[in-house]
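Below, in structure tokens: the form predicted alone, a single chain.
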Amino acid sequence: MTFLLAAIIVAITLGVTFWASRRNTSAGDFYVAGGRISATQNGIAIAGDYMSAASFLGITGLIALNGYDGFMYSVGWFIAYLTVLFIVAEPLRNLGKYTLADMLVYRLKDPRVRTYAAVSTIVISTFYMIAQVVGAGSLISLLSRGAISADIAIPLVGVLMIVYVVVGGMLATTWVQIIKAMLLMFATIVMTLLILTKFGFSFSNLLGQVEAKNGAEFLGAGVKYKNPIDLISLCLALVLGTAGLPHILVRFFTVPTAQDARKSVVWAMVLIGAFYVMTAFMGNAANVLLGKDAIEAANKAGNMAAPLLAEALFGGAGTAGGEFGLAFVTAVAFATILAVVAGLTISASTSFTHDIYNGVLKGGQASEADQFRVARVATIGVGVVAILLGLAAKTQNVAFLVALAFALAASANLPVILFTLFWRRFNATGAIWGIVGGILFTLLLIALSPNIMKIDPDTLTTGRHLIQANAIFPLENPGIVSIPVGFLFAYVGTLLGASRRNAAQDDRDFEEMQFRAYTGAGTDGTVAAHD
């Protein structure tokens, strides 16, 4: 039954993909669906893009195993959209065309910025993608009761995501994300209602049983993050990272106007907020109904808590109801992964094709046919890299892996975005320093952190102090250090590039950029400049 439901979802999404392929007549159609997606559709698609395997599988498992500390992932990811709504969505849509690099180059007028912004997009998208394919490997292994290992499952998902993007482009990706978002919301609502029926429709009763089983400390901070600075660092990365995630930012180019971009964010926040509230029910219920031992036996990182909880809620292991619950939720989770990896893949391939190939190598003169061809080749390349890295990271918790991608986005992209929009003296040298310095410094801290520098695999369960004693950088998430350093790199780079600054011209460019960013004048050719 499980494979049947998963096969039905794959068949439907592949049908959508081939339908969309007939509507891709230009590079703009492939990159951003021609900018014809409505605000409501885009909002649902953004939610589908954002509610990833990390959200459904990873956070449920983190809450089940770590209580309050796990729920901080839900809080951080939801609050993050306030930054997107109030600061990024409208100016990005008004200044850009297909990618983040378009906005930066519009202000800074330097083709070098396009290259580095594209590299940043590819690095962050690939890092984020690792979590999705890792989740896919765990899911398919569970589906097959171990008959199909992650070593086979991860390449299988990689091939499917390549097909979605190569054939259908952004239009197919958007509709796959819409279908996935509706399925995921339906599954979580049903599971939450079933949980409430078991606990007398009282969240307090549920938490009371969690406390009775694990102790009062489980409902407070410190179970996973013994060092409070680690928790603060995580929250900073989650709250600030969303505004720099390339696959989220590219969705604002798929709607006709900046007003539609803002409306999209509001629609997304409604769905995302409801979903993350329900993760608290699912994670705590998994702790009570399944127990930590059973969750960790299925997957040490806790990634299988949600499917196993569905099995228990629908009747338990060995029953027809339990089999259906496990099959349905696992199939939905599989659709979740396919949708998100498709969004990440098209973001990376669009950035390479539009920014590096067309914008830099061809000077903006590449033909539509060449751009289509290169975009498809880039998609295959991104997919292969994601598969290889996913195989290397297959034992990690998917929510944790995504949090590292958020730290990269917050450290490399966000400083450059904010300085571009609000600092008159900001220049191309500052943008390059901010992007390169933010990425390299964050990757260095990750390499020196407990995530990489550990004695042996048992360290994660025998005591966190052992990990930190052998790590040069003691925090799991580097955000609290890497984000300020990213801003510092951008600031220092701007000062170093000040000698080449044409103050009068730069002031005119800044004023023109602000006028267009917040009025939309010129985005449709209506106003080319202002007095």
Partner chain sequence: MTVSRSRPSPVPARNAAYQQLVAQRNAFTVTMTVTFLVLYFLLPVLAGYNKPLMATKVFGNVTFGYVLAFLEFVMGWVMAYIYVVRARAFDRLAEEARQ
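Residue numbers count along the first chain shown, from 1. All of these numbers come straight from a predicted model, not from anything done at the bench.
A second form of this protein, the form predicted in complex with the partner chain, is not displayed here; the remarks below concern that form.
Proximity of Ser74 to the partner chain in the predicted bound form: non-hydrogen atoms within 4.5 Å are present. Contact between Gly67 and the partner chain in the predicted bound form is found at the 4.5 Å heavy atom cutoff.
Taking the partner from elsewhere, Arg376 is found to have every heavy atom lying beyond 4.5 Å of the partner chain in the predicted bound form. Although the partner is absent here, Phe203 lies within 4.5 Å of the partner chain in the predicted bound form, judged by heavy atoms.
You can rule out all but one of 345 to 353, 288 to 296, 207 to 215, 158 to 166: in the predicted bound form, only 207 to 215 has residues with a heavy atom within 4.5 Å of the partner chain. Site annotation in the predicted bound form: the residue of Ala393, Val119, Val190, Val266 reaching within 4.5 Å of the partner chain with a heavy atom is Val266.
The single contact residue among Phe419, Trp175, Phe78, Phe253, judged by any heavy atom lying within 4.5 Å of the partner chain in the predicted bound form, is Phe78. Contact annotation for 76 to 106: residues with any non-hydrogen atom within 4.5 angstroms of the partner chain in the predicted bound form are Gly76, Phe78, Ile79, Leu82, Thr83, Leu85, Phe86, Ile87, Glu90, Val105, listed in sequence order.
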